[in-house]
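Form predicted on its own, single chain, as structure tokens, below.
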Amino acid sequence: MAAEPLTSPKIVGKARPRVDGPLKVTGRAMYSSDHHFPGMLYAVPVSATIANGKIEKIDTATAEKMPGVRAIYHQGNIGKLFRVSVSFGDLSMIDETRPPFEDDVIRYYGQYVALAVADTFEQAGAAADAVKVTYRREEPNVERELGVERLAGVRKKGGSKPEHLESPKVQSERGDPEPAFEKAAVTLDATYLLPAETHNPIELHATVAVWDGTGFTLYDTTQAVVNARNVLAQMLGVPKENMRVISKFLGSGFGGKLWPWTHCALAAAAARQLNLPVKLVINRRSMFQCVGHRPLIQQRVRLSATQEGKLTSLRHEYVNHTSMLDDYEESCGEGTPHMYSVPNLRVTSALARRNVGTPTSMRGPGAVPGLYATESAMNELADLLKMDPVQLRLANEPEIDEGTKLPFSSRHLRECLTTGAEKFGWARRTPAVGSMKQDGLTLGWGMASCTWIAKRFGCTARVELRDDGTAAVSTATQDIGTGTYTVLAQITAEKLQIPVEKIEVILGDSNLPEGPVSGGSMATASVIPAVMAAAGKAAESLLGVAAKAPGSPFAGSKPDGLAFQDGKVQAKGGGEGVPFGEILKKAKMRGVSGQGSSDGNFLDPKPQFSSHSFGAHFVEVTWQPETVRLRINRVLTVIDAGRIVNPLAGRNQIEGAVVMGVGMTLFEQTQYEHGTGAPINSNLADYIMAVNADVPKLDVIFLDYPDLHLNEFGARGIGEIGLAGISAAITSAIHHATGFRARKLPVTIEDLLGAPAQA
């Protein structure tokens, strides 16, 4: 059922500075590792120096005698930890829900094998270095070739398992792609490779664990306080009510902090054994080993079309590497079935096991790498057809989601494409490679479409009206740097019609009413219905107080004869309103509250609509072949993501995603050394990311069509869609300028040195 629209919002939809900004710029915002308690100890893990094999012996004798050392924990003395039984909402990435130190098998380089705990961080680090571990080493497998070509022929029914590939399956299918491809006038068969990428937020993963004798309080770097509570309570063997997880501020996560990791359980277990608070902050090297990454992905795309550009078939096959324990699937084909109209389609996936840590969600999991392949293939097909790539996409715009046979709740991709083309000046593009010049440089223009799922999780929220004329809204979600504090303040202020400055937002504590994870670009859409319901109930309670409280100017009235409007109580027939704070003071009450809940639809087995956001990127690069100097000069992105609650924060999200896409396309890759299996560029000097000098001129346009399928404001998420498709647009522009066709990322100087001669 679609939400009842809120007409003419006064606060939602307006640009608003971050309400938590002053805390951050003055240093008063407390991040997880900022917490300190009397008697606190420090923990440093001991990491495996092989990627495949077994532990034969751990010698802790020297380390245990060092100054300040309280304990060296390992498989023999860590205490009882339990495997986790998970369902959606209780997700874990701790080695397939296994507790740390469960066995003596080493499955990836850097795997934790022991934990040193001492009075100071320096003492703990020295003790960790002194632990001697003897291994029986076996050859690791970190091979980049994943064998996507072996997926050809996999069907829903029948067919044998491709050699060396795990869990092959058809994700979506319609029609019969093979004969359509064979008969087509124009065909494309291309394979695309994306390297492993590593999340590198400024804030390192950290846990400060406090044990009070019966339960835990964990100050943790998490994008999901409720999920972390649920998972860690199971692993540590305590009731959920005896586990509290707090994450008031996060120095970003990009998906890497969605789930609990091994260090969380280790810090808590040590705190319980020693009965003292324990702080564990992992180092930058371990960020590349033990807390996830976007996996290495190989994709094969086969397209066929008529001479007029109508698609006749699409096959999208992909393989991603995963760890030896976990079946992590990147879901690269999530957007493929609904993106374009094509009668014959098959999306197939498989896993390839490697001696690496478990991959995990990284900003835009699935759609970001998937659209790099399919949108690149569309651009290549346009070149084969000698057709404008914008026109090719417009010619294959679907009427419905052909994968689910459902209508779209809202889809304005066509307008994204036409608006973007007009604002960018696309009509001036000449298609020949190297044919556009400006100021002595060669220009390259490229574009791509993008999409991202639009769903919501379940949520409960509480709103309190206070006697000082302020209000508070609380829910156990968290602000990961995207502006959730500000968005909740705007939503609550809109419903109550009081200034944003009078709203206190309370987040990041699992003891609050249960809220959603901050992932999938779903937090905003998820909290809106619950907060609106809670604010409405708080207002109802206030009207009841106004009608009954002695001394109230409305005493003796019926509550249904009163109205709450612009922060005041007044008679429905009119008359002067009284601020709600005064009503509460007359009633001698500190406040009234209301609680509201809303269901999620993320796993709805019978959805009524196909709900997604859409967009289009247009990119200009400059190319100077004499010096092999390539620069991304400007990017225009048009986004259709429902109503934008805060355009200032929204634009920031898209800009940040585009810059991350620059890094993905030109710089980022985690490199594993074949002999040891170690990530060898595991630092911020050798893992290259985009910096200020690489950032182009950015322009963001929001179409702002409310999609009332999800909530009263018609808002959808925007955290990830800006990264989807941008790499395909950039590589298309690179080809237009240089003639080099990028089918693997990142594009390097060595690639461009071999670029064809210019037109």
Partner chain sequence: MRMKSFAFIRPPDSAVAIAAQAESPTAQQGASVRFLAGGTTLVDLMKLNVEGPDKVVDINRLPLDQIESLPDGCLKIGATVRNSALANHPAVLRDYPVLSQAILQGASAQLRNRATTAGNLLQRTRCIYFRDTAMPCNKREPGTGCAAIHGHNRNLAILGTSEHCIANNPSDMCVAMAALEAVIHVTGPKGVRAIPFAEFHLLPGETPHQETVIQPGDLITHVTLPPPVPGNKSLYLKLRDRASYEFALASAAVVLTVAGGRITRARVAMGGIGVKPWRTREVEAALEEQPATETTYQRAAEMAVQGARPQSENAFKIELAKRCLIHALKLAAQPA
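Positions refer to the first chain, counted from 1. All of these numbers come straight from a predicted model, not from anything done at the bench.
Beyond the structure shown, there is the form predicted in complex with its partner chain, which is absent from this document and is the topic of what follows.
- At a distance threshold of 4.5 angstroms between non-hydrogen atoms, Q671 is in contact with its partner chain in the model of the complex.
- Although the partner is absent here, T49 lies within 4.5 Å of its partner chain in the model of the complex, judged by heavy atoms.
- By the criterion of a heavy atom within 4.5 Å, V25 is excluded from the residues contacting its partner chain in the model of the complex.
- For the chain shown alone, G600 is not a contact residue for its partner chain in the model of the complex, no non-hydrogen atom being within 4.5 angstroms.
- Screening 421-429, 292-300, 331-339, 673-681 for residues having heavy atoms within 4.5 Å of its partner chain in the model of the complex returns a single hit, 673-681.
- Note on contacts: among V658, A128, L146, L636, the single residue with a heavy atom within 4.5 Å of its partner chain in the model of the complex is A128.
- Scanning Q624, Q497, S85, T306 against its partner chain in the model of the complex with a 4.5 Å heavy atom cut-off leaves one residue, Q624.
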